[in-house]
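Below sits a lone chain in structure tokens, taken as the form predicted on its own.
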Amino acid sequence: MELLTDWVEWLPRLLSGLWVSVQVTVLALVIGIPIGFVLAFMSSAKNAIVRWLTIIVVEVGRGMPALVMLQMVYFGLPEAGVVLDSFAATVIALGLTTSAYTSEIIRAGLRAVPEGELEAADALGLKRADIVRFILIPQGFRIALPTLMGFAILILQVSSLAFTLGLPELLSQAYSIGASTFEYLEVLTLAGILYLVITVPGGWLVENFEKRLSKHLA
């Protein structure tokens, strides 16, 4: 009974932190996915210099841990005269990480578009730009969408790393409550449940979407 009373008392602060986590996740995806689209096309460019420079950028972005990216943006950029608060630094760092990973997801989706559809469009006399605009991008994005949705859930979980910058997201709020009550297990359990409230239904949604898409593409 005492545990439930504590949870009710802590819940408003944790929900406030969860809202910050959700905002960071959404903004990182809004920034990262369009950049990922651009990188996906540039990594397949005919120009070898552009292609290899893009591949290097993507590999560096994928190879660098998200925590290191966060620290570089928040603590490193001030040396270059760019000072960001913890919220902006988190959004930019996770946006850059998102762009590197989603570029590979989107590139795989674009490559999965049936070659026959592109050849048919070409035979009908459609311009290359129209083929890309009306066939390649919509089809490739639809194929990549389930994986992108799964990645969005991952970014929500990764956003907990922002507690190292002092951002008052969900984990940071849980640590703050734990530091004042010394009831770390209880408060972190509740924080974990709040993450699960989003990630488990999100996982079911992705799984269901993948099944429906598989039937449609079969």
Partner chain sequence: MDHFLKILSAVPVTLLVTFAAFALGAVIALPLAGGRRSRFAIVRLVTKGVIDILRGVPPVVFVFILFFGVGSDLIRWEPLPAAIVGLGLISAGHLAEIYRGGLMAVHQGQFEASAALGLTSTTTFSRVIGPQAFRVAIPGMVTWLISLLKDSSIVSTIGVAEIMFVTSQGARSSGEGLLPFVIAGAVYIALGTPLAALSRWLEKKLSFGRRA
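No experiment lies behind these values; they were computed from the predicted model shown. Residue numbers count along the first chain shown, from 1.
Another form, the form predicted in complex with its partner chain, is not on view; read the next lines as being about it.
Trainee: Given that its partner chain is left out here, which of 39, 28, 167, 171 has a heavy atom within 4.5 Å of it in the predicted complex?
Mentor: Looking at the other structure, the residue within range turns out to be 171.
Trainee: Is there a heavy atom of residue 199 no more than 4.5 Å from a heavy atom of its partner chain in the predicted complex?
Mentor: Contact with its partner chain, yes.
Trainee: Please tell me whether any heavy atom belonging to residue 82 falls inside 4.5 Å of a heavy atom of its partner chain, as the geometry stands in the predicted complex.
Mentor: Answer no; every heavy atom of residue 82 is more than 4.5 Å from its partner chain in the predicted complex.
Trainee: Please check if residue 64 has a heavy atom lying within 4.5 Å of any heavy atom of its partner chain in the predicted complex.
Mentor: Result yes; residue 64 sits at the interface with its partner chain in the predicted complex.
Trainee: So, residue 60 and its partner chain: in the predicted complex, are they within 4.5 Å at any heavy atom pair?
Mentor: Yes.
Trainee: Looking at 87-95, 115-123, 73-81, 133-141, which lies within 4.5 angstroms of its partner chain in the predicted complex, counting heavy atoms?
Mentor: Looking at the partner contacts, the answer comes out as 73-81.
Trainee: Counting only heavy atoms and a 4.5 Å cut-off, does its partner chain in the predicted complex sit next to every one of 161, 189 and 204?
Mentor: Yes, because 161, 189 and 204 each have a heavy atom that approaches its partner chain to within 4.5 Å in the predicted complex.
Trainee: Suppose contact means any heavy atom within 4.5 Å; which members of 89-105 contact its partner chain in the predicted complex?
Mentor: Contacts from 89-105: just 101.
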